[in-house]
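Take a look at this single chain, the form predicted on its own, given in structure tokens.
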């Protein structure tokens, strides 16, 4: 089980995950990024994003990754159509601060029968979008958590834990100019007993280290790899900073 692997890895160090959006490049380019991320030492590969894509593209992208690496693949879905039996697991996530029930429970309602039928491992997750939110915030119709509103961020996280969700994800949005504030990460982490993921706006060694030391158990980077021509050169020091954080 992938979640068990995550738990075991977290006993030794913090985790880095690389997010690759199939909507941003061809399956061949997706595989190229995945291989470089693997060689850089990333722990898991996340495939997906906020832009809706059909199953065919998702399948082709995952198949292309399988040809170059054995790293486990977790789907990061933007809609009910983003499910593939070719992945190892799927974040069964609810956008807790969306103003639309479609993103809180609607897509999940539509996808549940198919997910059950193929036996894909699901990892339940409370997803919370923080300012500026970027495409994720707009697409998910999120009532963005303000950057100074630590209490609301923590309340969403605690709610996720009380619902029985296994993870909480604080998201600033892919390509965000700033990552989730460090004081918010620390405040939220102190309020929950489940792993905390932080992503969005993390594109340097310093920002990765800051986020990890603030309390993120899992640090996700995506845009920094997708936009780089030297993925390994960029990712290796970022991953090292995450692993070394206390």
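Since we're looking at a predicted model, the values are computed, not measured. Positions refer to the first chain, counted from 1.
What comes next is about the form predicted together with a small molecule, which is not displayed.
Q: Of 126, 173, 77, 140, which one comes within 4.5 Å of the small molecule in the model of the complex, counting heavy atoms only?
A: Residue within 4.5 Å of the partner: 173.
Q: How about residue 188 - does it come within 4.5 Å of the small molecule in the model of the complex, if we only consider non-hydrogen atoms?
A: Heavy-atom contact with the small molecule at 4.5 Å: absent for residue 188.
Q: Counting only non-hydrogen atoms and a 4.5 angstroms cut-off, does residue 222 reach the small molecule in the model of the complex?
A: Taking the distances in the model of the complex, the answer for residue 222 is yes, it comes within 4.5 Å of the small molecule.
Q: Heavy atoms within 4.5 Å of the small molecule in the model of the complex: does residue 19 have any?
A: Residue-level check for residue 19: yes, a contact with the small molecule.
Q: In the model of the complex, does residue 202 come within 4.5 Å of the small molecule, counting heavy atoms only?
A: Yes, contact at 4.5 Å.
Q: Where does the small molecule sit in the model of the complex: which of 29-37, 66-74, 175-183, 206-214, heavy atoms within 4.5 Å?
A: Comparing against the small molecule in the model of the complex, the contact stretch is 175-183.
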